[in-house]
Each structure stands twice: as structure tokens, then as C-alpha cells.
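A single chain comes next, written as C-alpha cells; it is the form predicted on its own.
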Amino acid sequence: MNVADSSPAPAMNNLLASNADSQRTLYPYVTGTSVVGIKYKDGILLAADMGGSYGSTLRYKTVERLKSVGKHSIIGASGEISDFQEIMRYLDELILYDNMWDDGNSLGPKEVHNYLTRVMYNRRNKFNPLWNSLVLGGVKNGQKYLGTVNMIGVHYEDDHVATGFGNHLARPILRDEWHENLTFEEGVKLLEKCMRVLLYRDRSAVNKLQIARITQDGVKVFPPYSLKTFWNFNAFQNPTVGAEGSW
């Protein structure tokens, strides 16, 4: 037998194959930025822009990140777009399985939110998280529900929630101006104010906005549109004035 035939190549190939079988997402590739959600008088409103960033490059500008889930819920996602697509596959299977029972009942937003918290926490425990922060809202039997969950399973429900930069820049606005008797028009105006602030301050945001509404009557995702903006603020025109050592 030739000595070359006894080389450890097969063992090395098996080792490489075993490593290839176990893969982890070390960092996200194409990501979406903030989602903002509020309760209003008749239901839930969500807002998100349509940007998809490839690293620091705004590569895609028609990414829809607001989706309906069954009869009673809507979801919005920031973070990795492909992981959001995987989450939507999970939810499609969940809704299909629920419908197969044909028992006259259907999953409400609280049940869907609880399911998502278990999914996200389970993937985190496997050290292979889904790189998303999610907002889940809905209305069932006249009860409004709005909650959020992040990539490691931290979750809560509130009257208004936000993900990403919105958690820092939009929530203070919502704390000051939100109230439970907001009309639809007032709710949209408040969301537009939040998204405009995010557009000014978040490099990953784009000026193409989408709003989704859910009430007892069902879900409606409105066509995207552009916000009116104003860029002639003094701080925008000369951002380094008074800053020592700046160019």
C-alpha cells in the first residue's frame, strides 16, 4: 500500500464537515432600523421606515417590515431582515396549525407575543439568536395589546413601545404627548413626529415611511409615503460652531 494512501485527509474532511454543520450568525448583514408602536382610541398603530442597510450602506429602500399575523395581530421588526423572514415562516406555521383545529377560536396578540418570547429566548440559549427586536400589537375581543421582545428574549408590554434608536429618541416624545384617547389622525401625527426625529438623527433611517393599523375590524397596512422635512436648522448648517478643535 502506498504511504500516501494512509494520509489523514478523510479524517480532516470529516472534521471540516462537522464544523460546517454548526453555524452561527456572528453579526447581521442587512438590517432595518426603528419600529414605533402606540395604542390609540380604536386600536394599535405601528410605524417603520423602509430602509435596509448593508453595513453602513443604505442598500435597499423598499423593505417592508410591518406584517399582519393571523386575524388579530400585526408585527414590526428591526434588525436582520433574513431573520425576520424566518420568524414570519414560524408565525405562518403557527397560524396554519391553529386554523387546522377549526374550533372557532384563533390566536390573539397576547398568545403570539408569548410564543415569540419563547422562540427568541430559546434561540438565545442555543447561542444562535435571531437578530431582531420585535413589536407585536393587536386587538381581540375589544382588548388592545402592545408588546415588544428583543433578540435575547427580554420582553414587556406597554401603551407605547419602540425598538432601536427609537427606544432612546422616540419614547421621550411619546411619554410627553401620548394619551389613551388619541384619534387615528392624532396617532399618525404623533408617529410622524417620532419618525421625523429619527430620520434627522439615525443614519440608517430613510425618508420613506409605512404605517399599519389594527382595530376590531381588521388589519390595514397603508402604502408608503415620504415625510416632509426641514433641514435649515442652524445646528444642521454649521454643526461644529463653538466646538473647540473642530474643523
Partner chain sequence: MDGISGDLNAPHSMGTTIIGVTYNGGVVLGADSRTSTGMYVANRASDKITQLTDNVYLCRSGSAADSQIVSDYVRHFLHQHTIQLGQPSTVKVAANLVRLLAYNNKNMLQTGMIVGGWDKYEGGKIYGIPLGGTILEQPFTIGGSGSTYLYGFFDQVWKEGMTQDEAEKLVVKAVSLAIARDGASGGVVRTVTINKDGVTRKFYPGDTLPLWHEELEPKDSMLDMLSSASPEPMGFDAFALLTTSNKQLPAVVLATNHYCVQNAPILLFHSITASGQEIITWDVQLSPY
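We call the rigid core whatever largest set of C-alpha positions still superposes within 1.5 Å between the two forms. Numbering follows the first chain given and starts at 1. Keep in mind that this is a model prediction, so the values were computed, not measured.
FYI, the form predicted together with its partner chain isn't displayed, but the following is about it.
- Proximity of K71 to its partner chain in the predicted complex: non-hydrogen atoms within 4.5 Å are absent; the residue sits far from the partner.
- The closest heavy atom approach of I173 to its partner chain in the predicted complex falls outside 4.5 Å.
- Its partner chain is not shown here, but in the predicted complex it comes within 4.5 Å of a heavy atom of H168.
- In the predicted complex, its partner chain sits beyond 4.5 Å of every heavy atom of D42.
- Contacts between stretch 184-202 and its partner chain, counted in the predicted complex as any heavy atom lying within 4.5 Å, involve F184, E185, V188, K189, E192, R196, L199, Y200, R201, D202, listed in sequence order.
- Put the two forms on the same core and the Cα of Y225 is off by less than 2 Å between this form and the one not shown.
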